[in-house]
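One chain comes next, on its own, written as structure tokens: the form predicted alone.
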Amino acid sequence: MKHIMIKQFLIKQKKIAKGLYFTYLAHRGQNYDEEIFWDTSFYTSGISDRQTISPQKSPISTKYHYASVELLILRTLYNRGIDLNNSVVLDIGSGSGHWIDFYKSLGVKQIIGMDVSKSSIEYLKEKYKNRTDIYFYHGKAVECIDKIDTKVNIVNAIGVMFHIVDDAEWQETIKKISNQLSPNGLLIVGGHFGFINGINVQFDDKNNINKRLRSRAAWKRTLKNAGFSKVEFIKNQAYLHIDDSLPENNILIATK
């Protein structure tokens, strides 16, 4: 087990090192077009939890990844005494609907889903076609949030915000999330929150950047400017215990 932990730690560090080189030395890549990327280069073999990570990913490691993130969210909700009954959740980057099912199982009143992928939205509308408590918007979050006519209690954005690679759009999205949250509402973000800001770590086959990691300091500063009062970072060490490369899965909890 120790050799797996060392291996996984080194894989993460190598990814960061490559990102630093490409970002600050090689100046590689340009921002991708997220509105076409997911449908033309990613969701080419259907929609599922596994597809949201990688078509080549093991179903077992996929469930392991999601379960590790779920535990951190559940721990936070329970320890804070948060009752989700009658709550409204906004799920950004709904993908295959994993987090919609997760929050519905906890008794939330209503869920608003959104995704930039047309294939994802079509899949979700069919999956939940008989539900009147779940509805969807197609497009970028920064544009779709303006269409919501109700305040929300939780904004869930797991494995999503680092795919907004334009910094101005990322900041504006956070401002609009804050405006949509009710007092004491929560923003829950899954990703990587290190010490170095603006690292481009993932590129498509056309050299387009589709993942940018921001630092804790950048997150704190942006969240404070958007009106959040408290920010908590929760480290997820689950990736160290499985011999498969998993996405960045630490948790940020911001309180309005």
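Residue positions are given as counts along the sequence shown, with the first one as 1. Owing to the predicted nature of the structure, the values given are computational and were not obtained by experimental measurement.
This protein has a second form, the form predicted together with a small molecule, left out of what is shown; the following refers to that one.
Contact check for residue 52: a heavy atom falls within 4.5 Å of the small molecule in the predicted bound form. Residue 181 falls outside the set of residues with a heavy atom inside 4.5 Å of the small molecule in the predicted bound form.
Within 4.5 Å of some heavy atom of the small molecule in the predicted bound form lies at least one heavy atom of residue 140. By the criterion of a heavy atom within 4.5 Å, residue 94 is counted among the residues contacting the small molecule in the predicted bound form. Of the stretches 103 to 111, 82 to 90, 128 to 136, 152 to 160, only 152 to 160 has residues with a heavy atom within 4.5 Å of the small molecule in the predicted bound form. This chain is displayed alone, yet in the predicted bound form one of 73, 186, 177, 164 has a heavy atom within 4.5 Å of the small molecule; that residue is 164.
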